[in-house]
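Shown below, as structure tokens, is a lone chain in the form predicted on its own; questions about how it binds or moves come after it.
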Amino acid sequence: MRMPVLASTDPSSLQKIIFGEDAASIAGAESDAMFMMIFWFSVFFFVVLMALMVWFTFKYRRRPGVAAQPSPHHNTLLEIFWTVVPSSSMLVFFILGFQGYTKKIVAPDDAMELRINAMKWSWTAIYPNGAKSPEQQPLSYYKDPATGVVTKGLDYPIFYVPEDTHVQLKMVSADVIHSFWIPDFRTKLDVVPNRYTGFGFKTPKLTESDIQDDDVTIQRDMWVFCAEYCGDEHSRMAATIRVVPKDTYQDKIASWAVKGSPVEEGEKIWNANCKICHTIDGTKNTGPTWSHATVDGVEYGYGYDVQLTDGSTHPRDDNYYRQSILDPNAQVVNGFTAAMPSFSAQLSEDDIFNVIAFIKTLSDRGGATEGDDGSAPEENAGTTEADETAGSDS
């Protein structure tokens, strides 16, 4: 697997020995640089402290016939020095590390969202238009030297992403805790049940070095592993992230597209299951309205804080709506009763995502909704008559 040399970094020989190949993103290269800075800082002080220890051991050794000198019990200036200097260094590491962490966790608003579902022992990716990649490849090949028979390992999925694009992962587990690890981006994050987690990265721009052996195809493959022990087949829980040109990506997901977009599917679920209690025009009903509206002095809608019956407040984000669907009595909105049943047995993980995608379109804080082809929509695209009504009422 060939990786580019980033213009922002010139890895040393030692750095190449430690990390192998160069990072595939600027954020990953910064992580490498941070690691090397801490490494050399530690080496420097290790050498200094060990040299001082050896020197002191020799200089102040006990000699025959020479009385031992009394040892000073306190030195204020020295104690301040060896407390402030190391602490200041740790503060620098913390600030630089936190900045690097936020760059990976927080993606730009226009980042492409890629949903990742984890289960024992496989990964599934759902694209912005609701499509899933059907492509797989064997984890390994083994050719018996005696018989020439080729044995293939387990198949694992291939996830396509466009080059030079910000990607935001939204991840959830169907069973136990997993960890989505992309070594080339120097990033991993736990994927847990019953809540969404995620991080972002920017895919590299493809170059001539990424042209494959057929002299036509241009792509770059990156490994994905599970970095949290999750059972018997944990070591085989792998996938490939394949970076391809943007037009190739658009053609791929268009060919895999499902009948309706996530927003359209979510609206269908609202019509079938939720309409009787939750309005989308801002009017009050048995349950809170999904629209961005002010009702009896209370502001509703995705992205706005909700007041709960226990007196606490909570942002109306993806995790809030997900829990409200699966365990509605856990967070009851102030002014309403615990009358909603759980839909855990009726809605799949895809259904829940689609419902939330629809809810987002009803609020001015829902963010940009992806188009059916996975591209950013035009202004006001995807709005329905009901959305316009909700907007006018709010």
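Don't overthink the numbering: it's just position in the shown sequence, from 1. If you superpose the two forms and keep the largest set of C-alpha atoms that fall within 1.5 Å, you have the rigid core. Computed from a predicted model, the values in this text were never measured in an experiment.
Separately, the form predicted in complex with a small molecule exists; it is not shown, and the next lines address it.
Candidate site 276, 320 and 324: all three near the small molecule in the predicted complex by heavy atom within 4.5 Å: Yes, all three are in contact.
Could you tell me which of 28-36, 56-64, 41-49, 337-345 sits within 4.5 Å of the small molecule in the predicted complex, going by non-hydrogen atoms? Result for this chain: 337-345.
Of these, 205, 246, 120, 195, which has a heavy atom no more than 4.5 Å from the small molecule in the predicted complex? Only one option qualifies, and that one is 120.
Among 290, 127, 185, 180, which has at least one heavy atom within 4.5 Å of the small molecule in the predicted complex? Going through each option in turn, the one that passes is 290.
If we define contact as a non-hydrogen atom of the residue within 4.5 angstroms of the partner, is residue 107 a contact of the small molecule in the predicted complex? Residue-level check for residue 107: no, no contact with the small molecule.
In the predicted complex, is there a heavy atom of the small molecule that lies within 4.5 Å of any heavy atom of residue 220, even though the partner is absent here? No, residue 220 stays farther than 4.5 Å from the small molecule in the predicted complex.
Given that the partner is absent here, does residue 89 sit within 4.5 Å of the small molecule in the predicted complex, heavy atoms only? Heavy-atom contact with the small molecule at 4.5 Å: absent for residue 89.
I'd like to know if residue 294 sits close to the small molecule in the predicted complex, meaning any non-hydrogen atom pair within 4.5 angstroms. Residue-level check for residue 294: no, no contact with the small molecule.
Core aligned, does the CA of residue 174 move at least 2 Å between this form and the one not shown? No, because once the rigid core is superposed, the C-alpha of residue 174 moves less than 2 Å between this form and the one not shown.
Would you say residue 186 moves between this form and the one not shown, meaning its CA shifts by 2 Å or more once the core is fitted? No, its C-alpha moves less than 2 Å.
With a threshold of 2 Å on the C-alpha, tell me if residue 224 counts as moved between this form and the one not shown once the core is superposed. The answer is no, as the C-alpha of residue 224 shifts between this form and the one not shown by less than 2 Å after core alignment.
Looking in the predicted complex, are the Cα atoms of residue 314 and residue 188 closer together or farther apart than here, the change being 3 Å or more? Relative to the displayed form, residue 314 and residue 188 move farther apart in the predicted complex - a change of at least 3 Å between their C-alphas.
Direction of C-alpha distance change in the predicted complex, residue 174 to residue 346 (at least 3 Å): Residue 346 and residue 174 sit closer together in the predicted complex.
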